[in-house]
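Given next are two forms of a protein chain, the same chain in both, each as C-alpha cells and marked structure 1 or structure 2.
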Structure 1
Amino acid sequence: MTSTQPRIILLFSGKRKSGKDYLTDLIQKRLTAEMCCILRLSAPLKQQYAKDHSLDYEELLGSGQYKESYRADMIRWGEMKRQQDSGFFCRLAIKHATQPIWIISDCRRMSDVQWFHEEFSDRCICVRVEASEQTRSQRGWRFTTGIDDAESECGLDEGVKFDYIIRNDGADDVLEKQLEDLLSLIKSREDESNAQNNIKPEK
C-alpha cells in the first residue's frame, strides 16, 4: 500500500461550492506541507480513466468541453470500478503519501469513508463542510439534475457520524474559531495516538 503509516486522516465531505478545497488548503497551511498532504480521490479516477481509454489526463482535469464530453461515461466507469473493488481509488490516492497527516478532500460515498475506517480505524476524523444554498449560489452553484441529486453529491447526506462539522457561510471570525477547534481536535487525537504507541506491552 504505502510505506508510511499516517498518524491522522481527515476525511472531508460537503456539497459543491461549500468550500472544501478552500478549507483543506487553509488547514494544510496551518499544519505545513511537510506534516500534511491533501489527497483527492477524483484525481486517480481521472488518471486511470485517461490511461484505460487513451485520453488526455490534463484535459480531463480542466473544466472545458473535453471533460464534459466524457463526464457521463467517466462516472459510469468509476462506479463499475468501485463495485468491483470499493477501495480501488482510495489505494491509488494514498499510494505516494509520506506525510504523517493526510487530508482526503473529496469523500463522496459511504464506501470511501468505510474503506478508510476499516484500513485505519483509530486514525480517522470525519469532517463535514456545510454552507447554505444562498451562500453556495453566491459562489456560482446552480442546481444541476444528474449531478446534485446523484450519489456523488448525496451519498454522505445520511448515515455518517461526523466528528466535526464546519459551517462555512463567509464569516471569517466564525470560521477562524472553528478552524482552531478542529486543529485542537487533531492535536488531541495525535497525542492519544502517540500515547498508545508508547505503551509497552507487559512481559
Structure 2
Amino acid sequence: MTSTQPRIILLFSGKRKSGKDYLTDLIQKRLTAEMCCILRLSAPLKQQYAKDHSLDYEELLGSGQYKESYRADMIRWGEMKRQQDSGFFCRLAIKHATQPIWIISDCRRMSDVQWFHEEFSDRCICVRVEASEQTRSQRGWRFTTGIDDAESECGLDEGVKFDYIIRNDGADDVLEKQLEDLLSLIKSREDESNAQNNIKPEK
C-alpha cells in the first residue's frame, strides 16, 4: 500500500475533452509537485493492456488517435477487471503516492468514487469538469457510439453529489476565479482535517 496517507483527495471526472488533464495539471502547479500528485486510474489499465497487446504505453497515455483506436477494447477489458475487483485500478494507481494531496484525474464509474469514499471517507472532494459539446468538439471530440453513450463516459452523470463543478469553456478569467474558489475549498477542508487531528495549520 502507499507509504503515506493523503490529507485530501480530489476526485475529478468529466467527459472526454472537457479539460480534466488540463485543469489537474494547473491545480498541481498551484499546489506544487511536492505537495500534490496526479494519479490516473487509466494509467495501470493502459500499462497492463499495452503489455498484453504489445502496444506503446506512452502512446496510450497520449491524446491522439492511437489511444482512441484502442479505447473501446480497453473499456471492455477494464470493466471485466472491475467486475472481478472494483478497487483493482484504484489500488494500483495510489500504490506509490507519497504527497499529502492526491488528484485522481479520471474517475469514470460510481465504483471508483465509492472505493475512495470507503477507503478515505472524510478526505474526498468530488470535482466535475464541464464543457459544452461545442467546446469539446473544437478540442477534437467527436461523438462515438458505444463510448460516449456508455458507462465510461456516463457513469457519473447521475448519483454523485459534486463538491465543486468547474465550467471549462475557455474564458480564462472565469476559469481563474473557479480555480481560486477550488483552492480555497481545498484549504478549508485541510484546515478542518488538521483541526480534527489536532494538527496546527501551516502558516
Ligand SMILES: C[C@@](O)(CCOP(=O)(O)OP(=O)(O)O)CC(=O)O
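Just so we're on the same page, rigid core means the largest C-alpha set that superposes within 1.5 Å between forms. Predicted, not measured: the structure shown is a model, and the values here were computed from it. Counting starts at 1 with the first residue of structure 1 and goes up one by one along its sequence.
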Between 1 and 2, where do we have the form predicted alone?
1
Kindly check if the Cα atom of Tyr57 is displaced 2 angstroms or more between structures 1 and 2 relative to the superposed rigid core.
yes
Would you kindly give the rotation angle of the smaller rigid part between structures 1 and 2, in degrees?
22
